[in-house]
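Only one chain is included here, represented as structure tokens and corresponding to the form predicted alone.
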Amino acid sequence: MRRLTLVMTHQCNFDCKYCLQKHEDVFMPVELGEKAIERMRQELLSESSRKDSSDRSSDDPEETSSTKVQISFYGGEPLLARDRIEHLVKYANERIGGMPGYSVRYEITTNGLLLDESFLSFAKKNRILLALSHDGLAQDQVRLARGGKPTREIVDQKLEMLLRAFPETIIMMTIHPDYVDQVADSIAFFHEKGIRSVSLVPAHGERVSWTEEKFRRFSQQMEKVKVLYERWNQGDGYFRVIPFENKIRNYIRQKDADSAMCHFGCHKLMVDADGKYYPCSHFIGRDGFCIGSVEDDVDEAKIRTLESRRVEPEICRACDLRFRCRHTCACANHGHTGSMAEVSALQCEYEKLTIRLADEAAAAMIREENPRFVERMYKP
């Protein structure tokens, strides 16, 4: 196990219009976080002991490669548990960071409201990758603070602070169907601010409603995003629209989308605030999806049972795009349809749209005149 996610709290200081989480005053005790990290350490020690010493050591220390271990902190809004996060980072640095052959890094996605210079300094010192949830021009319509207050002004200020410390900050953007007409202008806004990486995904679940007309307008916006993407990646230019880049790079590397993107099961364990294990963030707290606990270890039989339900939807089996599409992603399917083996019409149309636009962009840009883009796409 090289990827561990700790759900630090269920509480949030935002009330986003598409959010499906219950905002409860539940926080992970630091003792549980320590136990989860210790279990990770023990598994890494077992893994290390199985390796041949020649694969893990070198006479020249500069030639020694280390295996990356990632610990992510999740919520709710994880920075509501800031003191606990700082404690667990220090603990993991002591218990895992000093292990020969391994390097630990951290990841937090935050709504930004609680960021300050002190935490940014801590994050920089401890190799914490910070991603900011921000919906661009729709921020004040969609991502409201508790009590209904707008958030864009203060979050934009936090974004500027964040970029000074972390120029490579990633934006996590969720598209609400009622505000699709602002997508391209939002991407342009982020580019103007100095952002160079944006991940975007359509909102799903019972709190939103996608119609054919809304998806048609969203498709028009994504056509505009493709034009911007091509423009900003000319020559030595650099701007990542992550859904496009994933499709292009996975095609070049001949990796099917779900193998590259989906970490269902113990490849990326989610530890809820009560210490229970879940296979993915979408399934936290859902009946029938607990796969063990910090106290009792991983239930391998339960994982196999869940994996047996994660089959390719029958409707997809004759599709030419099936190896480039996330049609067997358990959380995406379950979130849209309630079944891990049934893909929604929205997901299907979004995947086809993204693949087509990514291919058009790649055809236009993979050429010698765009060395930085070509290097990024072919980088191992």
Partner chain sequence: MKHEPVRKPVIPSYPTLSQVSKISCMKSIPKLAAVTAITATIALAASCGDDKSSKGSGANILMDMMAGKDPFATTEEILEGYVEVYTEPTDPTTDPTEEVLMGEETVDTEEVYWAGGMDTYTEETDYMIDGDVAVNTEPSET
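Positions refer to the first chain, counted from 1. Source: prediction; values computed, not measured. Just so we're on the same page, rigid core means the largest C-alpha set that superposes within 1.5 Å between forms.
Note that the form predicted together with its partner chain isn't included here; everything after this is about it.
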Triplet Gly148, Ser186 and Lys276 all within 4.5 Å of its partner chain in the model of the complex via a heavy atom
no
Sort through Phe289, Phe119, Phe215, Trp232 and report the residue having a heavy atom within 4.5 Å of its partner chain in the model of the complex.
Phe215
Exactly one of Ala131, Leu159, Val208, Leu144 has a non-hydrogen atom within 4.5 Å of its partner chain in the model of the complex; which residue is it?
Ala131
Is Lys224 one of the residues lying within 4.5 Å of its partner chain in the model of the complex, judged by heavy atom distances?
no
With the partner left out of view, is Glu168 within 4.5 angstroms of its partner chain in the model of the complex by any non-hydrogen atom?
yes
Its partner chain contact in the model of the complex: Tyr251, any heavy atom under 4.5 Å
yes
I'd like to check something about Tyr238: if you look in the model of the complex, is any of its heavy atoms closer than or equal to 4.5 Å to a heavy atom of its partner chain?
yes
Among the candidate stretches 299-307, 84-92, 100-108, 134-142, which one is within 4.5 Å of its partner chain in the model of the complex when only heavy atoms are counted?
100-108
What are the residues of 333-363, in order along the chain, with a heavy atom within 4.5 Å of its partner chain in the model of the complex?
Val343, Ser344, Ala345, Leu346, Cys348, Glu349, Lys352, Asp359, Ala362, Ala363
Please state whether Asp25 has a C-alpha shift of 2 Å or more between the shown form and the other one, with the rigid core used for the fit.
no
